[in-house]
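To begin, one chain is listed below as C-alpha cells, in the form predicted alone.
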C-alpha cells in the first residue's frame, strides 16, 4: 500500500510514485537544511560560548523564540516575493509550456 498520492498499481503508477518519492526527498532535505541553519544561527546568536547553567535562562529562551520567529517570517516573505515574481514572469510570457 502506498502512502503517496495516486496509490500503487500499474507501471505508469509506479513511475508517478517514483517521481513523488524524489520530490518528497528533495523537500525533506530542504526542510532539514533550513532547520539546521536556523538552529545554528540562533544558537550562535543567543547562547554564550561558556555555559553558566545546564538549562536555558529566560533571556536565552526569549532570544531563541524571537530568532526563530524572525527567520520563519523572513523566509516566508522571500518565498511569497519569489512566487509573485514567478507568476508575473509567467503572465508576461504566456505561462510555462511543457
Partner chain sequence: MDYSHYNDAERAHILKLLEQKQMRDFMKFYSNLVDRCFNDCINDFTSKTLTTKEETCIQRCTDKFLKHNERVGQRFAEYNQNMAAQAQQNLGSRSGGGGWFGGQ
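For clarity, a rigid core is taken as the largest C-alpha set superposing within 1.5 Å between two forms. Numbering follows the first chain given and starts at 1. The model shown is predicted, which means the values in this text are computed figures rather than measured ones.
Keep in mind that the form predicted together with its partner chain is missing from the display, and what follows is about it.
Put simply, residue 25 is close to its partner chain in the predicted complex: some heavy atom of it is within 4.5 Å. In the predicted complex, none of the heavy atoms of residue 87 sits within 4.5 Å of a heavy atom of its partner chain. Proximity of residue 76 to its partner chain in the predicted complex falls within the 4.5 Å heavy atom cutoff.
Contacts with its partner chain in the predicted complex, taken as any heavy atom within 4.5 Å, map within 64-85 to 64, 65, 68, 72, 75, 76.
In the core-superposed comparison between this form and the one not shown, the C-alpha atom of residue 78 has shifted by at least 2 angstroms.
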